[in-house]
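One chain comes next, on its own, written out as structure tokens in the form predicted alone.
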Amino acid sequence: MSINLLTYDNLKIFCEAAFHRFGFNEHDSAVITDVLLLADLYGIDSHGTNRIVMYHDQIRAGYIDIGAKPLIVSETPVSAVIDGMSGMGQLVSKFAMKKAIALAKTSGIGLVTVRNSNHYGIAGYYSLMACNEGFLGISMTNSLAAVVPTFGRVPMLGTNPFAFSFPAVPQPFHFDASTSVVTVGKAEVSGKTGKALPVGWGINADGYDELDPSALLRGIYAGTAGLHPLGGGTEEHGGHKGYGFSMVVEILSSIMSGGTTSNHVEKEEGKSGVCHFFAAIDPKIFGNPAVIQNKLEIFLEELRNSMKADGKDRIYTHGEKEAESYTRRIEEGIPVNEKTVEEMKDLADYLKMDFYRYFPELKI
């Protein structure tokens, strides 16, 4: 399976045009594209350009209401509950994190939980919104059930990612990860590139390891197979901890918002029901923000400079790989696998867009 290097600028223009053809206005198309391409730039290929066809399918299925506007259902000086009104997840989530940041600016902390939304892209986009304001940022979401509980065989939980960002120099501490061994998107990418799944990613309907990505994905969408929680399928390697972390995300997003738990997401015709949670915390409620940040920066440097394992020459702190990938991909291009390019070409044809006008380098 070949890989094509596409420039950030060309991908940005294409994605914005495609979302505009979907029916979004120019501003909203730019916001959605910004979230997707940050994933690509950070090296999170499962949540970037790879997702554009999925969003189109969800719009056609009625899950996403293009014209929806999120509604604040209730509010206190430090919290809010928002109904996403079946809107595009990126638009709902940016609105929600802006609300959390506004609350934090006046009260020191902002906690916002969201119901009735859709897939929102990478969790870290929103935690970084708060971080860029000098705040601690947290972002979580549930999703379509794709993960089996420890000792279970039927998917009951989403991949339920968690992102945490805190200001630091030379780059923020930025942790963004699913509470499952991997995301559904990584299994999709494996299928597109023709790679078998590693042992331990997920199980089939018979309860055994599934190595065929297409079979695993079919089982996930049929509710008969699933990914393992972070730590794997046994307690010996801590799978129960990933299961517990996933439940924390579920409680803060779907339970606290009065929304839909992962096992009921996309089960009602024309409604997704994805739920999110966002937090922005001003460090000044704990002390001098500059002193707190400096203490973190010292610790991060001590981590990077600590003794390396045999054969290893570097210890990364969270956010470094993403920052380096961002710089490299802006300069060299974003790698997009052949299958995703084919999907984008088919979508462009469907939308009556001249695909090769956006990507002349791909014209044969």
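One-based numbering along the sequence shown. Between two forms, the rigid core is defined as the largest C-alpha subset superposing within 1.5 Å. Since the model is a prediction, treat every value here as computed from it, not as a measurement.
As for the form predicted in complex with a further copy of the same chain, it is not shown, yet the points below apply to it.
J.: Considering G273, G185, G242, G219, which brings a non-hydrogen atom within 4.5 Å of a further copy of the same chain in the model of the complex?
T.: That would be G242.
J.: Quick one: of Q58, T317, S46, N337, which gets a non-hydrogen atom within 4.5 angstroms of a further copy of the same chain in the model of the complex?
T.: Among Q58, T317, S46, N337, a heavy atom within 4.5 Å of a further copy of the same chain in the model of the complex occurs only for T317.
J.: Taking heavy atoms and a 4.5 Å cut-off, does T113 contact a further copy of the same chain in the model of the complex?
T.: T113: yes, in contact with a further copy of the same chain in the model of the complex.
J.: Does at least one non-hydrogen atom of K105 fall within 4.5 angstroms of a further copy of the same chain in the model of the complex?
T.: Answer no; every heavy atom of K105 is more than 4.5 Å from a further copy of the same chain in the model of the complex.
J.: Does at least one non-hydrogen atom of T150 fall within 4.5 angstroms of a further copy of the same chain in the model of the complex?
T.: The answer is yes: T150 has a heavy atom within 4.5 Å of a further copy of the same chain.
J.: Just checking whether S214 would be counted as a contact of a further copy of the same chain in the model of the complex - the rule being heavy atoms within 4.5 angstroms.
T.: Looking in the model of the complex, residue contacts with a further copy of the same chain do not include S214, since no heavy atom lies within 4.5 Å.
J.: Let me test this: is every residue among L136, E302 and M307 within 4.5 Å of a further copy of the same chain in the model of the complex, going by heavy atom positions?
T.: Per the other structure, all of L136, E302 and M307 touch a further copy of the same chain.
J.: Given that the partner is absent here, state which listed stretch (226-234, 265-273, 118-126, 91-99) has heavy atoms within 4.5 Å of a further copy of the same chain in the model of the complex.
T.: Only one stretch passes the 4.5 Å heavy-atom test: 226-234.
J.: Heavy atom within 4.5 Å of a further copy of the same chain in the model of the complex: which residues of 207-228 meet that condition, in order?
T.: Result: G207, Y208.
J.: If we fit on the core, is the Cα of L211 displaced 2 Å or more between the shown form and the other one?
T.: Yes, L211 moves 2 Å or more.
J.: Inspect the rigid-core superposition and answer whether the C-alpha of K186 shifts by 2 angstroms or more between the shown form and the other one.
T.: Yes; K186 is a residue whose C-alpha shifts (by 2 Å or more) between the shown form and the other one when the cores are overlaid.
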